[in-house]
Ligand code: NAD
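Take a look at this single chain, the form predicted alone, given in structure tokens.
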Amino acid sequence: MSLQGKVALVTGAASGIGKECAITMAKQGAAIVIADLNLAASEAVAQEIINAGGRAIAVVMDVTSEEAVNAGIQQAVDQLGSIDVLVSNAGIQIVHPIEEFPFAEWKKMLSIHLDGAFLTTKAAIKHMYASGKGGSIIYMGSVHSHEASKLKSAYVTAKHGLLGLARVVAKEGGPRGVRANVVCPGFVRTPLVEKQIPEQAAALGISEADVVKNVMLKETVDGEFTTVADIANTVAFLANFDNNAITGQSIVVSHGWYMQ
């Protein structure tokens, strides 16, 4: 596959899944925009791509701020010429029983996951339309876009919401060549998931080993974590797929935890 000549912007790309998506698409020829709150880490990822012979820039982006999103995407277009691929990946995790879930943390979760996806889409799709070439918008969902787990009311709500957003964007963007899909990982052992293990152990009153075996990986076919490479390769496939045959879809990458 080749993304030669394309420009891909990835939010939350300074680490974890976002970083792997950025590096994988860079290897396929895309110029990459590393968009993250952490400028130093973003610049380090961009430099890693440049050192490997690719093109990349780093932009500071708070995906909950319309002004910051618009500025970051305009900076990317000014420096690299276009936005052909948007990977809306920025996200966090907060877990509480619903009766104890602070409203401020609920709003923070939905703002980062849903407002961030909306704002980056709104800003990027204008450039995709203006180019006449269309583009690919990829949302980072989760198995929790389809399933529920205890303690994750805000996360599950947000990830379900991404399915609706993607379907609307697919309907609106299709006639102008813009595709929208959701990649739905199972548990990927990123720092975000590592943080959840002791939190869930404490909340559920079980050991960390039991959280991994009997909560996170219980429903997989092989007891294995999904890898960041698994997700990045799926994102790159969707970025490369250049017609409306695949749009408005969710692609589950979970070692069989959830089967559509």
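When you see a residue number, it is the position in the sequence shown, counting from 1. Since the model is a prediction, treat every value here as computed from it, not as a measurement.
The following text describes the form predicted together with nicotinamide-adenine-dinucleotide (NAD), which does not appear among the structures shown.
(request) May I ask you to choose, among 220, 227, 64, 233, the residue with a heavy atom within 4.5 Å of nicotinamide-adenine-dinucleotide (NAD) in the predicted bound form? (result) Filtering the options by heavy-atom distance leaves 64.
(request) Sort through 204, 193, 57, 215 and report the residue having a heavy atom within 4.5 Å of nicotinamide-adenine-dinucleotide (NAD) in the predicted bound form. (result) Exactly one listed residue reaches within 4.5 Å, namely 193.
(request) Would you please decide whether residue 188 lies within 4.5 angstroms of nicotinamide-adenine-dinucleotide (NAD) in the predicted bound form, comparing each non-hydrogen atom pair? (result) Yes, contact at 4.5 Å.
(message) Against nicotinamide-adenine-dinucleotide (NAD) in the predicted bound form, would residue 16 count as a contact residue? Criterion: heavy atoms within 4.5 Å.
(response) Residue-level check for residue 16: yes, a contact with nicotinamide-adenine-dinucleotide (NAD).
(request) Report whether the minimum heavy atom distance between residue 98 and nicotinamide-adenine-dinucleotide (NAD) in the predicted bound form is within 4.5 Å. (result) Flag for residue 98 set to no.
(request) Answer with yes or no whether residue 37 is in contact with nicotinamide-adenine-dinucleotide (NAD) in the predicted bound form, where contact means some heavy atom within 4.5 Å. (result) Residue 37 belongs to the contact set for nicotinamide-adenine-dinucleotide (NAD).
(request) From the candidate stretches 107 to 115, 171 to 179, 71 to 79, 122 to 130, select the single one in contact with nicotinamide-adenine-dinucleotide (NAD) in the predicted bound form, where contact means a heavy atom within 4.5 Å. (result) Going by heavy atoms within 4.5 Å, the stretch is 107 to 115.
(request) Just give me the residues of 88 to 127, first to last, that have a heavy atom within 4.5 Å of nicotinamide-adenine-dinucleotide (NAD) in the predicted bound form. (result) Read in sequence order, the residues that approach nicotinamide-adenine-dinucleotide (NAD) (within 4.5 Å, in the predicted bound form) are 89, 90, 91, 92, 112, 113.
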